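Below sits a lone chain in structure tokens, taken as the form predicted alone.
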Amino acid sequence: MAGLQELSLDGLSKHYGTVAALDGVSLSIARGEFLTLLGPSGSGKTTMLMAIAGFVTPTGGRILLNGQPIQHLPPDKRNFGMVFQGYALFPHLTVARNIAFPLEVRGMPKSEIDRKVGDALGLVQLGALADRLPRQLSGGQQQRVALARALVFSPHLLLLDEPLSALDRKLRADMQIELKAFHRKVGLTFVYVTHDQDEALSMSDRVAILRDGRLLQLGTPSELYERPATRFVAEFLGRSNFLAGKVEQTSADGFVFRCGSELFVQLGPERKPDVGTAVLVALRPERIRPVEPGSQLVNILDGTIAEFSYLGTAFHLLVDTAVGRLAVTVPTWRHGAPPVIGSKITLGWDADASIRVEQD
């Protein structure tokens, strides 16, 4: 493979009339990193990927590869590999010819093409299927052909636009594991687009969360999940409950806030708000647990089970409380008998189980 590269975006913008598909996005992608662009439809993630690839011309800002601006270069001069959502394989060409295509258009000698195609087939473990047509392959095998074709010409980095979205749930989960292992094997920089939160969490070194063309937060999956900066990030990356209240008192390591008629304790490293300040606290459903009345947990709340879902490994409860309806996820092995709608339940959580977030 070619030498590993570093990519940077500096104030990247793209406007369509008065609409900002990208609005001054800046970030740096480390060499060999697996960076995922995550966001809902219309957030700007595909526009960003296509601008990096050279298929979309930015309105403003720069794209730099190893410190050198490349936003003026056409796609074929950037030497980036691309894997599309539908794989974009040529149906009339064999697996080997599909993989050879980028080398043929570059005018490489046949002997070199044959060698590189053989290496690429071995990399994705498809050597035995070289003479098959795409329609004779499974979805996962077509995915590997698309990867091999994107890598065969030794690109600087690999761009992937929702490449697993066409696969069924089981195959998609298998391919997530396989693609992450493949990334480690080739050591190339991956820039990956998805709207699937689980996919982003399970595969990425870092995740960039986008909304309305703006970069809201960038961090490792655990950083974003454990310490979301805003309500949108907390909601989009997994489920969250939100408790809105006013600070009653503060201490060196946290604060007490009132939410309706209830008082709750919040500990954490974030900056402490002043007394009287309105706050919003995010609380993940799995951080709440049913407890016996009189539990010594610092945050206790009584409620009534309104709904529940059986998810195999867990029950997902909706509990009506004095501060609104809360979602609670309880492992089935700990809950025993299935929940009963209308039954009373006492909930509890630790003071450091939640986090203060900003309202969007």
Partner chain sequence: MNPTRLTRSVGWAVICFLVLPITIVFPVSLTDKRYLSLPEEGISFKHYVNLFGSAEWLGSIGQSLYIGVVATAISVTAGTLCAIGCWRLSSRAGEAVRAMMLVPIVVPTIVYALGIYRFWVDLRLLDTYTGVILVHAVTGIPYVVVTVSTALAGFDARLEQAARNLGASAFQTLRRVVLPGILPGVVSGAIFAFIHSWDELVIVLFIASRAVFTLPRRIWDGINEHLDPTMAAVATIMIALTAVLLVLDLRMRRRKEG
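Throughout, rigid core stands for the largest set of C-alpha atoms superposing within 1.5 Å between the two forms. Everything numeric in this text was worked out from a predicted model, so none of it was measured. Numbering follows the first chain given and starts at 1.
We do not show the form predicted in complex with its partner chain, though everything after this point is about it.
Annotated contact segment (heavy atom within 4.5 Å of its partner chain in the predicted bound form): 74-82, selected among 74-82, 189-197, 273-281, 243-251. By the 4.5 Å heavy atom rule, the three marked residues 55, 92 and 104 all count as contacting its partner chain in the predicted bound form. Among residues of the shown chain, residue 50 is one whose heavy atoms approach its partner chain to within 4.5 Å in the predicted bound form. In the predicted bound form, its partner chain sits within 4.5 Å of a heavy atom belonging to residue 149. Mapping the unseen interface onto this chain, residue 153 counts among the residues with a heavy atom inside 4.5 Å of its partner chain in the predicted bound form. Interface residue remark: residue 181 is not counted as part of the site for its partner chain in the predicted bound form, having no heavy atom within 4.5 Å. Shown in the overlay between this form and the one not shown, fitted on the rigid core, is a CA shift at residue 105 of 2 Å or greater.
With the core superposed, residue 77 shows a C-alpha displacement below 2 Å between this form and the one not shown.
After superposition on the rigid core, the Cα atom of residue 133 is displaced by 2 Å or more between this form and the one not shown.
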